[in-house]
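Shown next as structure tokens: one chain only, the form predicted on its own.
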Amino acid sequence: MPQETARRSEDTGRGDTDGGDDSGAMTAGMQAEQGPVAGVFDLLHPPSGELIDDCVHCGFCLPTCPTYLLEGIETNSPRGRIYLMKAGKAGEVEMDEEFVGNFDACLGCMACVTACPSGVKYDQLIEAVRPQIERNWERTRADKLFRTMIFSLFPYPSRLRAAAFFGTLYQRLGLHRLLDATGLLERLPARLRAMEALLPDLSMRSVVARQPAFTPAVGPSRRRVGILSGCVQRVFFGDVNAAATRVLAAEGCDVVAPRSQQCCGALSSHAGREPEAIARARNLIDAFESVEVDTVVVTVAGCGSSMKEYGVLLRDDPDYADRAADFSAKVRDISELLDELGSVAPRHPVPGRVAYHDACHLGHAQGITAQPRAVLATIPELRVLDIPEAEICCGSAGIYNLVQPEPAERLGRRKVEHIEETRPDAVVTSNAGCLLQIRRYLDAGVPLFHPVQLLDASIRGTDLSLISADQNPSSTT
């Protein structure tokens, strides 16, 4: 058992142009001052013993846990990981490669939270363990470099836009086919192959598109809302942001997209990179406070889940704790808000059968399942199909499909097999990562959409076959 805290990984706690690095210094300073504690966890918010003891090891979580379904290994199940947390606090195990690997294997999908009859807050437990690992475990050089690459690119819209530009050239020049034909693609490391495969088909127009800072309501204003542009969302799924803005305006909302907003920190938070997440949360709070909105609307399930937990993330910050709680109280998934407001804009028919995939961070983490279906039900002639094994994650899970490509691929293929059982005309889901993950394995003839894109098509009277080419996030037009 380690007698002192291992050196923090070099890639943790760095600030950025919009976030600064004071939160990293704060967390690191607290850690250095407090030193090690009995067991493998330090004193900075270790997993709660009371929450650990809530688990009675009944096993209701097992059928819903993706990693347990794949491997059938107890330590790769929620109750197995909770047992490891308890053993870690008691000093009965070391924070070694096996210990860390069991937690790295968790997708954080929170299906176990939905399934648990005892109300075990596994979400709070895993979110407490991950920062502990990032502070107290030294990752291999290769793992550290790969994670540094991810977090030096994806949370930065300007960098991601430049990468998307070269990615578009890569696609247009047929380099994928060339690498595949020569066998070079298969020789790449699995993580790089996954990154290459997840690159969406983009048009140059979508790469350079910008969201308007203000869009007035159509007719009387019912609410003033701010909309999260996101990082991956604004570059890869700008059409979703545009559709969301049009729908909100059509439903009587003044829509504000602050120019100063950057990444919300969800990717960092889910990966245990707490100092980065804290800095990004502060910046986003500042950005939306400056425009004074009633509601903050999110079109990405993973982002919304994290933003609703800012009050917890910033609980130790005397300058932001109350502001963070107030901010989180304003956050709504777009389906939540639209269902709450009720429709005023006329709908045109959008004939078709669409399979709705419940994004884990919408259905399990936020408990939002009825609202997206209710919103889609306002579209005439649209039939919404439920997918078999709907509670199981598609394998996206933040950066999971990049850092754990093999199990992510198995889960992605499993999800698509169930989707194809419904024989849909299109697939609909509310998370950018899910759209990318499912697109990788789905038949190319089946388009994917965010729900708000179908609603936008209905309000504008656009035929589904047309938006398959014009608005689908994986369109090559």
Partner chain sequence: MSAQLVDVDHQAGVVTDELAEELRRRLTPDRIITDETRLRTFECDAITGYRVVPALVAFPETTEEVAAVVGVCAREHIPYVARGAGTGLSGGALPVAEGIVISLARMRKVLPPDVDNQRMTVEPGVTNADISKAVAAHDLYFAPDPSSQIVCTIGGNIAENSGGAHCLKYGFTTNHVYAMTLVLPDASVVTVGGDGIEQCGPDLRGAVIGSEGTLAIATSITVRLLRKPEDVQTMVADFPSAAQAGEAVSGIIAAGIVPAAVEMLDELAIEACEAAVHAGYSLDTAAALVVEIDGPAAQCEEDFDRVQEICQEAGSTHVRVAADAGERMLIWKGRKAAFAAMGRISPDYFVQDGVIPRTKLGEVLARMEEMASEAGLRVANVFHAGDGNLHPLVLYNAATEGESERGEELSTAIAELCVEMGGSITGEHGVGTDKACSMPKMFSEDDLEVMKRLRAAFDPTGISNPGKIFPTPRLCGEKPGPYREHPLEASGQIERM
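Since we're looking at a predicted model, the values are computed, not measured. Positions refer to the first chain, counted from 1.
Below, we refer to the form predicted together with its partner chain, which is not included among the displayed structures.
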> 340, 94, 317, 381: which sits within 4.5 Å of its partner chain in the predicted complex by any heavy atom?
Replying inline: 94
> Among the candidate residues 252, 363, 272, 80, which is the single one with a non-hydrogen atom no more than 4.5 Å from its partner chain in the predicted complex?
Replying inline: 80
> At the 4.5 Å heavy atom threshold, is residue 371 in contact with its partner chain in the predicted complex?
Replying inline: no
> Is residue 69 close enough to its partner chain in the predicted complex to count, meaning some heavy atom within 4.5 Å?
Replying inline: yes
> Quick one: does residue 99 come within 4.5 Å of its partner chain in the predicted complex, counting heavy atoms only?
Replying inline: yes
> Using heavy atoms and a 4.5 Å limit, would one call residue 43 a contact residue for its partner chain in the predicted complex?
Replying inline: no
> Want to guess which of 347-355, 394-402, 112-120, 363-371 is within 4.5 Å of its partner chain in the predicted complex, heavy atoms only?
Replying inline: 112-120
> Would you say all of 56, 59 and 87 touch its partner chain in the predicted complex, counting a heavy atom within 4.5 Å as a touch?
Replying inline: yes
>> Residue by residue through 257-286, which ones have a non-hydrogen atom no more than 4.5 angstroms from its partner chain in the predicted complex?
In response: none
